[in-house]
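Given next, in structure tokens, is a single chain: the form predicted on its own.
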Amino acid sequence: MGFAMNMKDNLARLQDFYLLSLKAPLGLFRRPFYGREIVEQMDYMGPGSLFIVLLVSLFIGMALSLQISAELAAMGLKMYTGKIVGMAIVREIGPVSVALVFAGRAGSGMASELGSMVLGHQVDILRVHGVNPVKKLVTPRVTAAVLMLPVLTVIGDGVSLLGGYYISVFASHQSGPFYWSQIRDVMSFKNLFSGLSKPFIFGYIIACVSCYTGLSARGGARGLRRSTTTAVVVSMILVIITDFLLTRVLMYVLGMRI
């Protein structure tokens, strides 16, 4: 009996999340339009997350270049460090690492903010005044996440490549122009499309999960803590799983065989 009730509750939550994920983007095309809220959320998620994205991306690029250079040097192939680093960052490591940082910083912020509004009955006040909470609160956050995460990913990729350049030239004593020539070779349509299409989906997933868990907060401070933690953990897990699925689909669509 208890198992059946838990299953029923889980299915109900899944249904609510599915409906929220559908209503959020549709609200962008219906009046009233909350342009100011979208700009405020873009400022919070974009410039607000920039420093930590730059810091993490820089050291990821440096660490990756350091490891790859050491391995390739043992085989006499150290000159290919730039190509391997560039492909790994552009196609996989860059989008995923920035998305995980985004989930930890912006996702937790969205969940805690909406959870505080629920516990403070501000969401109920919106309903009393005839305002749709999903359109007012969720749609701007989902829109901002979908727009800003790709921008942060591009910036993060560039900083990671600069970190790889620093290690390749000043630590591994490779040719700087040759490093960048390999990076240019990596910037093909297939690699760029594979790497830059993922952040749009990652941003949508992170925003929907964070907003849903925030609006589902119950039980005071402990419930707020639980909803914020759930938002970050679930977002990170879904980003990793979605990355694998997208990689497999994109490899098939772009004709990249293994």
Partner chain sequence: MIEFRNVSLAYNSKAVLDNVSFSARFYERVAVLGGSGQGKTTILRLMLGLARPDSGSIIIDGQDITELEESQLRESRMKFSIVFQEGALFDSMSVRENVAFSLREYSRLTEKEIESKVRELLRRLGIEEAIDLMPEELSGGMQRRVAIARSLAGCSPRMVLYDEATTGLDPLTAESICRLIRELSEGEPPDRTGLIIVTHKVSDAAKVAERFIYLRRGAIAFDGDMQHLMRAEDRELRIFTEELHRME
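Residue numbers count along the first chain shown, from 1. Every value quoted in this text rests on a predicted model; they were computed, and no experiment measured them.
What comes next is about the form predicted together with the partner chain, which is not displayed.
When you look in the predicted complex, the only residue of 105, 78, 83, 136 with a non-hydrogen atom within 4.5 Å of the partner chain is 136.
Scanning 72, 131, 155, 169 against the partner chain in the predicted complex with a 4.5 Å heavy atom cut-off leaves one residue, 131. Of the candidate stretches 45-53, 30-38, 201-209, 227-235, only 30-38 has residues with heavy atoms within 4.5 Å of the partner chain in the predicted complex. Not displayed here, the partner chain is approached by residue 120 to within 4.5 Å at the level of heavy atoms in the predicted complex. Though the partner is left out of this view, residue 187 does not reach within 4.5 Å of the partner chain in the predicted complex, counting heavy atoms only. Contact annotation: residue 125 falls within 4.5 Å of the partner chain in the predicted complex, judged by heavy atom distances.
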